[in-house]
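Take a look at this single chain, the form predicted on its own, given in C-alpha cells.
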C-alpha cells in the first residue's frame, strides 16, 4: 500500500509518516521543506505529476483548508482517494470537497480517534435521556491550533443540537450573562502541547454527568487516518465517514 502524506514536515504529518513506517506502508511525503523520513518527497506543486507517475492508494491530509482543497484537486485529476483530517473549512471550500466526492472517494473527519466515535454515541444518548438539562462543552488543545472551537467540538455540538432543543451556542461568558433556556455553553482553551481533550457536561435534577475524551498522543489520530486510507481504497466515489471505518473493523 502506498499513501501520500501531505504536510509531511508538520507535527501530524511526521506522526503519520512514522506510524506508516512501523506498519510497512510505503509513503510519498509532500512538504515545502525537506523531509527525510519518507521513501519519496515532493514539493506540493509537483504532486499532480508525481501521482501521475507513481499512483497511490490514498492521500492523507492534515494541513490547512486552502492547501487541503488544492491537494484534493490533484487527487481528482489522478483518481486518488482522499482522507482529510484538516478542519476549519469555509462554505466555499466545503463545496469544493462536495464536488470532488462526485469523482473520487473522500473521507473527511474532524477526529480519527476511535474513542471519539464512542463519545459521540454517548453524547447523543445522554442528550436524549436528559431533556431539559443544561449542557456545557469545554475543549482544550495545544497553543498552536488555529481553529476554535475545534472540529471535534463542532461535531459534538451538532450531535447535541440534533437531539435536544438547545441550539444557541454561547461562547464563554463575561459580566452579567445569566444562562437562558436553549443555550449550549462553549469554552475553548489553548495551552501548552495538549493533544486534544473534550468534555461535555449535562447538569440538572440535582445531578451532573460529564463525558470526557482525552487524546494522549497524536498517534491515535495517525492510526485512525491510516486505517481510513486502507478502508477507503477501492471504494466508489462519494463521501464517507470515520464512523463507517470503525463499524466495519
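Only a predicted model underlies this, so the values are computations on that prediction, with no experimental measurement involved. Residue numbers count along the first chain shown, from 1.
Keep in mind that the form predicted together with a small molecule is missing from the display, and what follows is about it.
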Judged by heavy atoms and a 4.5 Å cut-off, are 109, 112 and 221 together in contact with the small molecule in the predicted bound form?
yes
Indicate whether the small molecule has at least one heavy atom within 4.5 Å of a heavy atom of residue 62 in the predicted bound form.
yes
Flag residue 67 as yes or no: does it have a non-hydrogen atom within 4.5 angstroms of any non-hydrogen atom of the small molecule in the predicted bound form?
yes
May I ask you to check whether residue 32 falls inside a 4.5 Å heavy atom distance of the small molecule in the predicted bound form?
yes
Heavy atom of residue 161 within 4.5 Å of the small molecule in the predicted bound form
no
Identify which of 103, 173, 146, 179 has a heavy atom within 4.5 Å of the small molecule in the predicted bound form; exactly one of them does.
146
Which of 78 to 86, 162 to 170, 123 to 131, 93 to 101 lines the interface with the small molecule in the predicted bound form (heavy atom within 4.5 Å):
78 to 86
